[in-house]
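Taking the form predicted alone, here's one chain by itself in structure tokens.
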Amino acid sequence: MQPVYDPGTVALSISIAALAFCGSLGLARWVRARIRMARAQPPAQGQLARGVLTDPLTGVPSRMLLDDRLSHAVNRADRANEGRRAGQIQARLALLFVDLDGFAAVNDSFGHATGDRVLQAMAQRLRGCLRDADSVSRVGADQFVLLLEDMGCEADALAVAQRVLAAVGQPVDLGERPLTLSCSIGIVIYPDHGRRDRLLSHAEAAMHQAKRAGGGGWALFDQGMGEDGRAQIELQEDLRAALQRNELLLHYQPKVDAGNGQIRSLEALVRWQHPRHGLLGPGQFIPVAERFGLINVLGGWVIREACRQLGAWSRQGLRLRLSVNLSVHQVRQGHVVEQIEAALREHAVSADQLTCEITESVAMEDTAATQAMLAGLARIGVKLSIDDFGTGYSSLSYLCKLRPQELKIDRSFVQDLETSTDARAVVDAIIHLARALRLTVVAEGVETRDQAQVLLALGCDELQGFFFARPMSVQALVAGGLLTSDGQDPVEFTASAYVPLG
């Protein structure tokens, strides 16, 4: 005969046992014990134990179960990364701390019953953004945490954050009229963003940064958030406004033919004419754009402006080739090829005038999103350049598969050419590899005549750096069709850059 349990007595007994466990074993061990109890106890006791580990309203795991799962996930990541150096970390996990913006107003305006329905709907939507191995937990009244395991890189977590923003932003059908909400997301990556015992607090800190930034977006945790958080918030607020007030501009740096010293092409580099701080370089605001989810908007503006300028030059009889840089976030977003194709079409620019530069580390990520993007560039005829070459972990077979048109030697090797035989050997090897694959090879960061001469002797195709010209505005670039270098001879465009008008 099955024993009969009185629910009230059993609940009291379990609560007393819980206090004893907390005192003697600690919270983490108690949670694991409760999980074992839920699996091993008879049905009535198992339901009560599971009630502590599951949020009764939404059905997703509670904060206690999240703590246990996070502990196990961190241990798995640590074992996978054991003995690896920082640059070789392969196993990462991410926490996304999701806070619904303005949810208190829902309860105040529509009542708690409606608020509960909204929370249930949001929990299901968050579940729909995840893989089977991931989980979502409710940790507060209107707060959820997503645990993502086996993250390849930061961009994977950001892609999930974008899906969450889109899912939460869909209207909730309440019968009378739909209700639309947004959310603020804080993102922390382990082991990149600190100790295991601070992950949740760091994710929450990043969420508050996203909320102070206006909500409806995400923020990556940064160690300086507690120190210069206000400055970062103000800068991202200014950057959002800058995109509307046309404060951004492109400067252009030449790539010079190593043989005749004439300009073959240009690289477009973004600048910000800040109303208070003056002209800012990308290093001063790109990290903020990446941290607060603005990089795709900013990258889209660069693509459109570059194509607009190419079209304007073509109408003036100057047919130039131009390079733009793509961030890992643009590569992963899934529609950058469509953005490029639309911009080329809008400004009547030939696809072979545009080159997209992506870093070696991004290019070598054998992911579906990267492959689709590269295939899309090839389909529309846009050229591909592998930037910072020599600093990553290239696979020769994958490099052949990518079929880029250009390799750019990282500036760190160029800087050491005059003093390091190892640097010369690396540059020589890259140039021979490019020759074998019939690729153009460009050296960036050329700052001295000796560096230029060594690169010329090694057979480099194009040179780029302050020795020839700094990045400059359109007005300085095209004045008279000449560029004035820093104390050197004038640098001219190649004859092929000019096309007859009419």
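Not measured: the values here are computed from a predicted model. Each residue number is its position in the shown sequence, starting from 1.
The next section is about a form of this same protein that is not shown, the form predicted together with a small molecule.
In the model of the complex, no heavy atom of Val442 sits within 4.5 Å of the small molecule. At the 4.5 Å threshold, heavy atoms of Leu239 stay clear of the small molecule in the model of the complex, well away from it. In the model of the complex, no heavy atom of Glu406 sits within 4.5 Å of the small molecule. At a distance threshold of 4.5 angstroms between non-hydrogen atoms, Gly465 is in contact with the small molecule in the model of the complex.
Interface residue among Leu269, Leu179, Leu147, Ala121 relative to the small molecule in the model of the complex, by the heavy atom within 4.5 Å criterion: Leu269.
Here is the short version: of Gly376, Gly261, Pro282, Gly194, the single residue with a heavy atom within 4.5 Å of the small molecule in the model of the complex is Pro282. Across the options 97 to 105, 427 to 435, 319 to 327, 240 to 248, residues that bring heavy atoms within 4.5 Å of the small molecule in the model of the complex belong to 319 to 327. Taking the partner from elsewhere, every residue among Ile286, Asp387 and Val446 has a non-hydrogen atom within 4.5 angstroms of the small molecule in the model of the complex.
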